[in-house]
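Taking the form predicted alone, here's one chain by itself in structure tokens.
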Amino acid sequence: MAERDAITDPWGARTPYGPGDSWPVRVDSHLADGVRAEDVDRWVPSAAVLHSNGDGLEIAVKDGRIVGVRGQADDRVNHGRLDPKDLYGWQAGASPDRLTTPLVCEGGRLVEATWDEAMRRVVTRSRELLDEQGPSALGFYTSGQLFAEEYYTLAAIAHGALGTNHVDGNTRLCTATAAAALKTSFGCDGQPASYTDVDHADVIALFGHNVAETQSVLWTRMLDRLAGPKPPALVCVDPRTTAVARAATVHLAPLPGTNVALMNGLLHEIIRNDQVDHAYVEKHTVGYDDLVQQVADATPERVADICGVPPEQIREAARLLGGAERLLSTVLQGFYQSHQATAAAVQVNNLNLVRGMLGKPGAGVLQMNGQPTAENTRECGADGDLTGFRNWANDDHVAELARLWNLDPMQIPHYAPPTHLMQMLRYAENGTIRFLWVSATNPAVSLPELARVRSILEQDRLFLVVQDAFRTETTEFADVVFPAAIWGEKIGTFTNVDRTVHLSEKAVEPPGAAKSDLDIFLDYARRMDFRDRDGEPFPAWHDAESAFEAWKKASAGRPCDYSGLTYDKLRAKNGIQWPCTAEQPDGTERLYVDGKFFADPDYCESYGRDLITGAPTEPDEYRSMNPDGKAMIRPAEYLSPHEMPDEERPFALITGRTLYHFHTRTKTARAPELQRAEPEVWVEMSERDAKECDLEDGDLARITTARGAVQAKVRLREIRDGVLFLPFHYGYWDTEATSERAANELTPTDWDPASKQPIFKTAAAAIARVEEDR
């Protein structure tokens, strides 16, 4: 069991291995000062919740307190390794500023209250608004950090019991495009590939995916392949020269907002060189001819003029991608948070489809997630999707869910596509939504154009409920605050990006009167006296395991089928990939191994959207286009970003995640090692740009856009000229500053037309030195 300083050595020692070999085990651990492994009273199974990788781990408990963690050696995801946030982040749970009792707003201040008083206010306001305006007055905004049982319960309450269409998760900010891209290409959400494909691939292509910082354990797996015999080639697409870029065989650094043009150039070269698997394309796909026509003019020279990437680099990358025998492609925020997010991500799917690279070892696509339980938000229906990857536009699917819930189908809103978050904000802004329940997220820091977000949340006419473990920038606008239990203080399941389901056991009691999110939702349901068609209490379940059993029934027969799983089975072997059924009791490593997709018109989760306008595809149109349920190759033309650099604001601003912090730092900033590693916001820029702006490394600079300003210390880094990078984690709860610190002061209210994911990558910005600093 290895203890290391994961701040200075985030990826640890190499354990090289070759193609087709099993990744060697290396167990990482960190215990509180003075605690030895033999001192630990018990080790409690769980998995990581401060990133999206899903690393299996055990929680060390001594004297009723969490005192550390160690990786699970036999877990299929991490083989014992842990991320820096895993190793240190657990300390946040014992922070003395945890919320321990409900709070209610009195005279403009939050004061302590009993659960009865706090919940009475929420129930009373809910009923008033249902009487006055109906369910459309109520909205719910949740997280990518709860458990499946909690998401399923929230979806049942919001969609089923209340009948509101206004439900979304903060996964809208990080994985909405993953879901949209998978639906567009394969008819349904669900990752085709598996992490084990890293063990077999001869080319790994990372599109806007800084895996070294966002999923550092997966990066160690890639590093170990690179250190072993017959290493894979890496293709990296990122405007920053990250650790991934430095290890890459080819690094393409396009201008922000030009990913579709670049992908069209790569596909042009692969088609021109006839590196297409024509037999696969003919048998398993539709739309190939449209792609050929779309990219016919996307020559490397023409694309280079748009992207700022040399034509020879485009050709070299295409040569690797086109010559791969086992191509694994991964995608994340560099593609997802742009104005053509879905169009760009779909072109990656197109790449693997035309190469016939799906469903076999080393070949596949991972449209990555940004948060640990984002997959569950989507599959359970807490992001607006219909539970179990059902299709909102298919009446049979709605009726099936109504039977499961024993409700009238008309009670489940399906008159229009579910309301995405950005639209919910607009409804709250104009007074249509008058009740907003926020769980386990911090929109007052994480959403774009914060000045506008704050103005919405502080409205007197909006009744704001927040449940969280800490007071945050968002709780300060709340009418009622519920104290929530967090990881290690409750039981439940969650699923990572490669469909691996873990059971996280309860290790310790939550502090004070804090309750699990599941108990809070069920308490609300009982006090609202929701009933099914037989007059029985709804939801029918009463605890985590009964909620899981209900969720299994809802998932049965759908792509995300959990029917072969039980808590006891996960206790015997934690980490099993869905679908897991009676026919596939050990789970399913890869989807689409037989070239059959979840795209049949009667089965698919979505009929798709136009990649340019976002308009939903009509059912008859889909049925005509894809009657046999094949994979869909969907081309897209390149469009310029909505906000281009100009003379006044000559830089393209991108924001993003970093290695030591998660989300808005509510947990990671309370872990001393992580906080010391990166205590303050910074801005990255190239040395040449800094010189032209009379800036030096360490200078305090002011970055401005049309929305606002942020002050940050300059870091000179290898980043393409004309681009600024700001981490998005920093808000105001741990500083005396009240403005000009959060990156989202600068970002626009704008989103991708298909996925509705906000744009965090293409704001036009200026930068100047703060004179007082010198």
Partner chain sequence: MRLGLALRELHRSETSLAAFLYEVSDRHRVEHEVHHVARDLAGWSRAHVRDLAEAGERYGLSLRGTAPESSGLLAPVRRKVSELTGRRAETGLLLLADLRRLHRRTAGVSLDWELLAQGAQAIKDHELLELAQRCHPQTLRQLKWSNSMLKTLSPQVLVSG
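Note that the structure is a prediction, hence the values are computed from the model and not measured. Residue numbers count along the first chain shown, from 1.
Not pictured, yet referred to below: the form predicted together with the partner chain.
Just one of 430-438, 490-498, 559-567, 375-383 has residues with a heavy atom within 4.5 Å of the partner chain in the model of the complex, so point it out.
One stretch meets the cut-off, namely 430-438.
Spell out, yes or no, whether the shortest heavy atom distance between residue 459 and the partner chain in the model of the complex is within 4.5 Å.
Answer yes; at least one heavy atom of residue 459 falls within 4.5 Å of the partner chain in the model of the complex.
Any of the heavy atoms of residue 166 lying within 4.5 Å of the partner chain in the model of the complex?
Contact check for residue 166: yes, within 4.5 Å of the partner chain in the model of the complex.
Should residue 21 be classed as touching the partner chain in the model of the complex when contacts are defined as heavy atoms within 4.5 Å?
Outside the cut-off, so no.
How about residue 319 - does it come within 4.5 Å of the partner chain in the model of the complex, if we only consider non-hydrogen atoms?
Contact with the partner chain, no.
Selected contact from 675, 658, 584, 133, since only one has a non-hydrogen atom within 4.5 angstroms of the partner chain in the model of the complex:
Only one option qualifies, and that one is 133.
Tell me, which of 667, 200, 420, 397 has a heavy atom within 4.5 angstroms of the partner chain in the model of the complex?
Looking at the other structure, the residue within range turns out to be 420.
Residue by residue through 753-769, which ones have a non-hydrogen atom no more than 4.5 angstroms from the partner chain in the model of the complex?
The stretch 753-769, when checked against the partner chain in the model of the complex, contributes 753, 756 at the 4.5 Å heavy-atom cut-off.
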